[in-house]
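Starting off, we have a lone chain in the form predicted on its own, written out as structure tokens.
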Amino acid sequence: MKRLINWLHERVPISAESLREPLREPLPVQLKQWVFCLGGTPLMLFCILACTGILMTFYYVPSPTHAYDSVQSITSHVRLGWFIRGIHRAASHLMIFTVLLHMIRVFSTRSYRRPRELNWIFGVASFLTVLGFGFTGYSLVYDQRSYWATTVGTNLLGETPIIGKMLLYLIRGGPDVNPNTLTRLYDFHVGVLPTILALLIVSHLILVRLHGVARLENDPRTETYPFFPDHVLRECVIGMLLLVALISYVILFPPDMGPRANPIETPSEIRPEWYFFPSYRWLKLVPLQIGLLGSMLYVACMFLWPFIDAAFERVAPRRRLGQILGMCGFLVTIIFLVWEAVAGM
């Protein structure tokens, strides 16, 4: 055993001393509160999604003639297939929710301020990438509801000013939904988006490591505690609770499927998943081009928020105009989400 350890150490010269410093990194005492432990939750869910997604790729066939049957086979015939698919679907919804909660926490504590602007930008890009995961994954089921939601969603994407036509051809592989569209959505879901999200997560973690965790404003406490084992233990507890919640949900509400996609029969009502409800409601209220321009402006403001907030801070240092404006935007988003959810009942 000693010879084996020496052999490994010679080829992988990592000692306990070299690991001790990053593992013992001091963290601000506010991270002992559970609400500040949300940062690691999306990463755990991403790992769950990767594992369950890889398992389903062994049985899924990304073609219009076989996609629906392969998903039905996974759900009904493959041993524990319904469970793996249910975990994958539930974890995707929970990941979107936890990324959103983490962004709300960062916004409310203003942890995006200098020198952490890039970290906020990476976080917003990660959130949009996760939404892309939801859209492409939902489309792969290829039942009636997902087919027409994909058709409407890509139609709206094609109406986007300047870049709409290019994005439409990129995703559909042509002006209309065709057999190549499903293959492209599958490529985005299992190849392009995971790569982008992995790079964003790594960049995000590197910046957190370089800058450290932001302290709360006007917090006189200077105490710290080590990353390992204290914070790691909290993240592990959250991970176990997530697993229990996901397993319980899937057992109580196993995944189902709608009727097979029929391109010549339009459903009476086409609605997206809940995370697109605010945009869906907004586009119902205003003309299409104005709605798309407003959505693009909203996303641009999300990316540029640290700089917008800094500008408001220079104009009125004590009035927190940036936070007030940001909270108004967030409340409007929640109102639109609830409004659309109630309207669809």
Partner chain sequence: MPNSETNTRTRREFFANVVMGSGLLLGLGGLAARFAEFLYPVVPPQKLIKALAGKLSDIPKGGARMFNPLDAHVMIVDDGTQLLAFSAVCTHLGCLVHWDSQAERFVCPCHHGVYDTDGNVVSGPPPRPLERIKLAIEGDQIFVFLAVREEPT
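Residue numbers count along the first chain shown, from 1. The structure presented is a predicted model; accordingly, all values stated were derived computationally and were not measured.
Quick note: we don't show the form predicted in complex with its partner chain, though the next part is all about it.
Contact with its partner chain in the predicted bound form, judged by any heavy atom within 4.5 Å, is made by just one of 46, 60, 280, 305: 280. For the options 257, 243, 128, 152, the residue carrying a heavy atom within 4.5 angstroms of its partner chain in the predicted bound form is 152.
Contact check at 4.5 Å (heavy atoms) against its partner chain in the predicted bound form: none of 54, 80 and 236 pass.
Note on the interface: of 102-110, 131-139, 258-266, 85-93, the segment with non-hydrogen atoms within 4.5 angstroms of its partner chain in the predicted bound form is 258-266.
Taking the partner from elsewhere, residue 270 is found to have a heavy atom lying within 4.5 Å of its partner chain in the predicted bound form. Although the partner is absent here, residue 316 is not a contact residue: none of its heavy atoms lies within 4.5 angstroms of its partner chain in the predicted bound form. Not displayed here, its partner chain is approached by residue 148 to within 4.5 Å at the level of heavy atoms in the predicted bound form. Among residues of the shown chain, residue 115 is not one whose heavy atoms approach its partner chain to within 4.5 Å in the predicted bound form.
Contacts between stretch 277-316 and its partner chain, counted in the predicted bound form as any heavy atom lying within 4.5 Å, involve 280, 283, 284, 286, 287, 288, listed in sequence order.
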